[in-house]
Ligand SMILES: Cc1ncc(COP(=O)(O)O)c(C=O)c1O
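A lone chain, given as structure tokens: the form predicted alone.
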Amino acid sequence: MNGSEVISAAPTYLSLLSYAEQFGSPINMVPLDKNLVHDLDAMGGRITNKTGLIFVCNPNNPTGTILPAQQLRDFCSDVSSRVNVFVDEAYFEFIDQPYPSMIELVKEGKNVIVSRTFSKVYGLAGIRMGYLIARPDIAARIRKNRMSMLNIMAIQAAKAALTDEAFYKQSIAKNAEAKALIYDTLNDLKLESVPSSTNFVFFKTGRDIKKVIPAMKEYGVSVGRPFPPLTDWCRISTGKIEDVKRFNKGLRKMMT
């Protein structure tokens, strides 16, 4: 990006933004809307001749929200005529409704880049295996600035994961079961949350997250870090059902 500006939502996943800053690119953060969804109109309104990239994490981390599909497609198609659009689809497999990937726009030759990972639904976070989909000329430019390299074992693990349909289905099913248990507890406690299209739930405790983190650790549960400006919200990932039950029990104790 050679120091050009990056427009991003706030809060969102920060890794790409931190790498961009290392290359001298300033970050223009745009607050989420009242529903904790990307405000695409506001993001589009920030575009100037200094803008090189718009970053969209969809579903978003940490909120778990997704954009209306047609709205996102129209936005990417429109603004990619002026700037590159990077769409992070790390949690795409957890979306429980018909939903188009922005890979469709890559195939149409747009200035759109899509990222995917094996860290989520495939359960391979430890090997740090991910990939990008982009036009060949864009991919060639990105490759020059690659920040890490893969190893043969990671590649073979990813290939095997793609053929393991039983684990994929189990991962989707167990995640849905775990989220249902979490939502039941949040509803009982009358805690606000947002519908999640990911493997975590974002909810409002009304308490400073810096106090919630050590309080939950007393019950053997680690929750998400602070996500300014939503510092009275908490992110909890799904896991084994027994782990989710431990979280629910600990949260009930903490909130009473």
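Since the structure is predicted, the reported quantities are computational estimates derived from the model, not experimental observations. One-based numbering along the sequence shown.
Keep in mind the form predicted together with this ligand is missing from the figure; the text below concerns it.
- The candidate spot formed by Asn28, Met43 and Phe75 lies out of contact with this ligand in the predicted bound form, as no residue has a heavy atom within 4.5 Å of it.
- Just one listed stretch, out of 136-144, 172-180, 112-120, 97-105, contacts this ligand in the predicted bound form at the 4.5 Å heavy atom level, and that stretch is 112-120.
- Taking a 4.5 Å heavy atom cutoff to this ligand in the predicted bound form, the contact residue among Ala158, Leu186, Ala90, Val79 is Ala90.
- With a 4.5 Å cutoff on heavy atoms, Val83 does not count as touching this ligand in the predicted bound form; it lies far away.
- This ligand in the predicted bound form comes within 4.5 Å of a heavy atom belonging to Asn61.
- Shown alone here, Val201 lies farther than 4.5 Å from this ligand in the predicted bound form, counting heavy atoms only.
- In the predicted bound form, this ligand sits beyond 4.5 Å of every heavy atom of Ala154.
- Scanning 126-154 for heavy atoms within 4.5 Å of this ligand in the predicted bound form gives Arg128, Met129 in sequence order.
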